Every structure is written in C-alpha cells, then in structure tokens.
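First, one chain by itself: the form predicted alone, in structure tokens.
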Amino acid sequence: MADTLNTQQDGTQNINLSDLVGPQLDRLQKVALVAGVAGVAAMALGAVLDPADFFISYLFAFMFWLGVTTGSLGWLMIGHVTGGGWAFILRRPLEAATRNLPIAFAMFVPILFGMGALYGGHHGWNRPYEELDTILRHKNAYLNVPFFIARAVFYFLVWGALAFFMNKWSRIHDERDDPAVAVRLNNWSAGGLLIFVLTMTFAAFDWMMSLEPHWFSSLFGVIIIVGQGLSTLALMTILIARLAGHTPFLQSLQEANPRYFRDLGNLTLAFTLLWAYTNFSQYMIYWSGNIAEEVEWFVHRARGGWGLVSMFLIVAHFALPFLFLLSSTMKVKINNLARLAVFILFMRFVDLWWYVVPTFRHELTLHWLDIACPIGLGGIWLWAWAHQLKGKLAVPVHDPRLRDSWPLKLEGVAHHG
C-alpha cells in the first residue's frame, strides 16, 4: 500500500482516506450493495407487474440521486470560486460524487423506455401530432421525442465535461503546488456555474415540468436547483459524520476551526429559507393571477389528500429545520448537524415525491415502489461513491486559499500500510 502520510514542508500531512476511514467505507459499500441489489430486484419485479407505477416511482427517485450528483458539481464549483472553509471539509466527498455522473446517466436510460407512461397519455405531449391540442402543437417543436433525447445527452455531456476537468485539475494540483492550476479551477468554476444553472434549468423543464405540459413556471428550474443544493448538503453532512465523525482527523478540525461546521449549518439554513421562498413565490404568482388555465398543477396537489402533504412540507421541510438551525450548538457539532440532516434528507424525498406523483395519482397513495426505487438507486449510488472515495487524499493541501486554515499535525492519526 502506498504511504498514507506525506509530510509537507510546513509540517502538514497528506492523509489517504483509505487508511483514515477505510473500514467505514468498506462497511458502507457492503450495506449499500445489499440494499442496491435488493432494491433493484424489487424494481424489476415492479416493472413487470406494474410498469405504469414503476416509471412514476422511478422518476422521482432518479431525480433525487441525479440531484445529489449534479448538486455536488455545483457545490464543488462554488467552493473553488469562494474558497470558503466549508469547501475544505466537503471537497473530496463532492469530487467523488461528481465521478458518479456515468452512474446517473445509466440511471436515466430506463426513463427513455417509460416516456409513453410518463409523457404520453390523454394530456401528455408524447403523442402523434394530430392528437395534440392547439397549445401542445405550438410546443411540439421543443417537446418531441428526438429533441428530448438529444437534449438529455447534451446535458450529461456538459455536466460530464465540467466534472472531468474539475477532477483532473484538482488531481494535478495535488501533485504539484502550481498557482496557475488554482486560478484555472477558480475561473472555469465561475463560468461552469452559469452553464450548470442553465442546463439544469432546462433539464428540470424537460424531465419534471413537462409531465403537465400545459402548465409552466419560470421559477421551476430554480426550485429544483435549490432542492438539489439542499439535498447535497444534507447527504454529505450525514456521510462525513458517519465515516469520519469519530476520527481524530475530524475531531481535531472541529475543535480547531468550528467555523467550518458553522458554515455548513449556515448554508443549510440559507438553502432551507431559499427553498421556502422560491416555492412560496411560485404559489403566490399563480394565486394572485387566478387564471384557471394556469392552476391545474396546484389543483392536483391540493385535492385527494395531497393538500395534507403540502401542509406537512411547510411545517417539516421549512419551519422545523429553520428553528433548529438557529441554534449555534446545532451548527458547530457535526454529529448534531448530521441528525438534522437525516430529517432534511427524508423531507427532500417527500418534496420530490409530491412534485411528481400527484400528476398521475390524483388520490394520495403511497406505492411500495415509491420506497423500493429510492433504495435501489441509492444503494448503487452510495456503493459507487464509496469506491470513488477510496485511495484519495483527505485534504487539498496545495490549495492557496485553504493552506493557512489547515491547523493539524496528525502524527498517529493514520499509519503506513
């Protein structure tokens, strides 16, 4: 095994994550693999027995796990642009998540086979041109199967290119202390963020908003991106606490620089507020307009029991996390923050479920595939993420924006293999 500790001239050390949290990563991979295999088997059974409900459940599960993949890309680029201390903690887990983009693309493929069930039907756009009403005929130049597939491939190519170069230049910067590489990461991240927001906005339009093609919202893409950012923060907080929360590495960092963890909590608070603001703004725009043709989407989420889920989201997705995140004690301790992150992550699943399912099930119904699909895709994603994390250095010691913040001398934390 390669040396785990490589002492720098300033006394800091490069620490290999395989030796730092190797047993925890191995356990995570085993559990994730079992969950993934069991979930995929259940999904396959569901696809045979109930294909219509399978694709409904699959879509919202896919959107979550895609969201934490592309959300990690967004946060990684924000970290390179701002150089915040929170990025010091999250950088390696975020980079590992961006390398899961091929997995996310493979997860997208089944949706192509379910386009008839998801985007067809009596009110869908995936029908012969002569069956479309006047509005959908005007939208047919954009909402048609060949262009839909071409756009999806384009989105993944763009995200894949951004992830490839972010990881490539980060790896080069680990190998040599070259300020030009850091500048390149900063500059390309700034432009990459704009590209990411634009492509993800249109992807949200294509894959979720077009489920009800007569309805539209200029805020829809922003809402999905904000949700992805919140999901990513919650998942990464949980994984860090689970894998490294009891190691001297993280404990020493937490004692020396609690502001890093406070930043994570503050970002979670900010995105919780932003989620509430964007959703409330979208609702108020349509409520004040009071145009019958524009409220169908909200009607589906207010009747048949779905209104109870709407109220639950207001209380549990916004009010409760908001109150807890006002506490400094909650934000400076990674284990406290992780407990809240588990609840937030659950609410993110509920939110995406509420966004997708009422389009098809007008009565409040929880199908067993609504549980199997997130578990199956999540097990695969987490197994691949843990694999991507193995063998990587724990900290980017050559990053000029973070070097002065690295306070630790970690003799004895890890050992040579």
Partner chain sequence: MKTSPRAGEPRTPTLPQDETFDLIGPGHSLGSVTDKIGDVVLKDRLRPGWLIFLAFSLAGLATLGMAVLMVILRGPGVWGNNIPVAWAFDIINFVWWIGIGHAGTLISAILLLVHQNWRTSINRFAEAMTIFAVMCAGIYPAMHIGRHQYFYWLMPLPNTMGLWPQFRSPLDWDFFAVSTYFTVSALFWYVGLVPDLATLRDRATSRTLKVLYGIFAMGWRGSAQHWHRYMALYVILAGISTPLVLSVHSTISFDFAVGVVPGWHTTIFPPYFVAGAVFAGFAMVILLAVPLRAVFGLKDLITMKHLENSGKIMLATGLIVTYGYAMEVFTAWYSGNIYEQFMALNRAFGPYGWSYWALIFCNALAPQLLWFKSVRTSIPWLLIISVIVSIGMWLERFVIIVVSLHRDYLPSSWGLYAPTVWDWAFYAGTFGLFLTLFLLFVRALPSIAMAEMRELVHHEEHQKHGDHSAHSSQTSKVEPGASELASV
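Numbering follows the first chain given and starts at 1. Since we're looking at a predicted model, the values are computed, not measured.
Missing here is the form predicted in complex with the partner chain; even so, the following discussion is about that form.
- With the partner chain omitted here, the record of contacts in the predicted complex names 215-223 of 103-111, 233-241, 215-223, 337-345, defined by a heavy atom within 4.5 Å.
- Of the heavy atoms in F165, none are within 4.5 Å of the partner chain in the predicted complex.
- Interface membership of R303, defined by any non-hydrogen atom within 4.5 Å of the partner chain in the predicted complex, is ruled out.
- Although the partner is absent here, D263 sits close enough that one of its heavy atoms falls within 4.5 Å of the partner chain in the predicted complex.
- Within 4.5 Å of any heavy atom of the partner chain in the predicted complex lies no heavy atom of H123.
- Residue M284 is the only one of L157, A150, M284, A319 with a heavy atom lying within 4.5 Å of the partner chain in the predicted complex.
- Contact annotation: of the candidates I135, V145, L308, V315, the single residue with a non-hydrogen atom within 4.5 angstroms of the partner chain in the predicted complex is I135.
- Contact here is defined as any heavy atom lying within 4.5 Å of the partner chain in the predicted complex, and by that definition each of L198, T201 and E293 is a contact residue.
- Residues N187, A190, G191, L194, V197, L198, T201 are the ones in 187-201 with at least one heavy atom within 4.5 Å of the partner chain in the predicted complex, listed in sequence order.
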